[in-house]
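Okay, here we've got a single chain as structure tokens, the form predicted alone, with questions on binding and movement later.
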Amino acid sequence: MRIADMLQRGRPTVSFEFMAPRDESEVEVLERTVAALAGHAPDWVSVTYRVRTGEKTLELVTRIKRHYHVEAMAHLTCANSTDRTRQILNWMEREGVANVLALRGDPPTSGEPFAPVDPELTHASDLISLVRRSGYRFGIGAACSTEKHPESPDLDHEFRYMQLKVASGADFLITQLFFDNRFYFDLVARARGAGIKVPIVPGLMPVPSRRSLSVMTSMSGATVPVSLQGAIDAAQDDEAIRVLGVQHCIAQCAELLEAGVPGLHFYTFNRARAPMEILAALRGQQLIAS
């Protein structure tokens, strides 16, 4: 089923992002996480793409669909040639994958500029155009930022690329993680004012630890509210920080749901505990269906 159709049904979807394993040592952790969160009946999930383990992404997507009967979306990046990308899309079509998340992708080494493999696939919008003009019937998602990405000169630049992704054929958007809902509401208002009508799903990450927070904010450009940062600075250990992160994310979700967002998308980093606690709290408050 196309995710864009789910997002138009009038009730918020719940979805998770899983990270494709880098090696066999991560497979068991991932399998436990998928099994635990599949038991919470998500509407859909997504699986990240790694150049070295791209086949594992595709295998995991099809296994989730078949074993857990959950709609699974494969991330697809500009990390391959046009011909290789078409081969991947053909394989996905044969296997019954209905949705792709089209991304430019990250450079192989953090801090280095992105170098496209194929000059025809330089940006996510190029990838979206390729899928559309090739006649595939996939539902297509794309990413967007609520704040200035570290690689962008300013937020206007980021917004123009978002417009281009939608103009190229994206059916829905998922935001990068954010900790202050005002940035999400501002983005949606600006998008609607510019005539962008596709669903914009908020992407959320409960803070797991000081180190993880530092890494993710440096990569995404997300800012941490002063009150949350102060509480984190005063926390005794990572478990206390984890609890703070869950509590803050619950409050974020409650406000977003009351504002009528099309869904909640959780970046799990292959850990199930925090998302399960958040969902339990939201169900307890009767903000999402049990």
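Just so it is clear, the structure is predicted and the values come from calculations on it, not from any experiment. All residue numbers refer to positions in the sequence shown, first residue = 1.
What follows is about the form predicted together with ligand FAD, which we do not show.
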Triple contact flag 105, 123 and 152 to ligand FAD in the predicted complex, non-hydrogen atom at 4.5 angstroms: yes
In the predicted complex, segment of 82-90, 130-138, 192-200, 170-178 with a heavy atom within 4.5 Å of ligand FAD: 170-178
Single option in 204, 213, 98, 164 placed near ligand FAD in the predicted complex, where near means a heavy atom within 4.5 Å: 164
Contact of residue 143 with ligand FAD in the predicted complex (heavy atom, 4.5 Å): yes
Residue 277: touches ligand FAD in the predicted complex, heavy atom cutoff 4.5 angstroms: no
Ligand FAD contact at residue 48 in the predicted complex, heavy atom, 4.5 Å: yes
4.5 angstroms heavy atom contact with ligand FAD in the predicted complex for residue 217: no
Residues in 185-203 close to ligand FAD in the predicted complex, defined by a heavy atom within 4.5 Å, in order: none
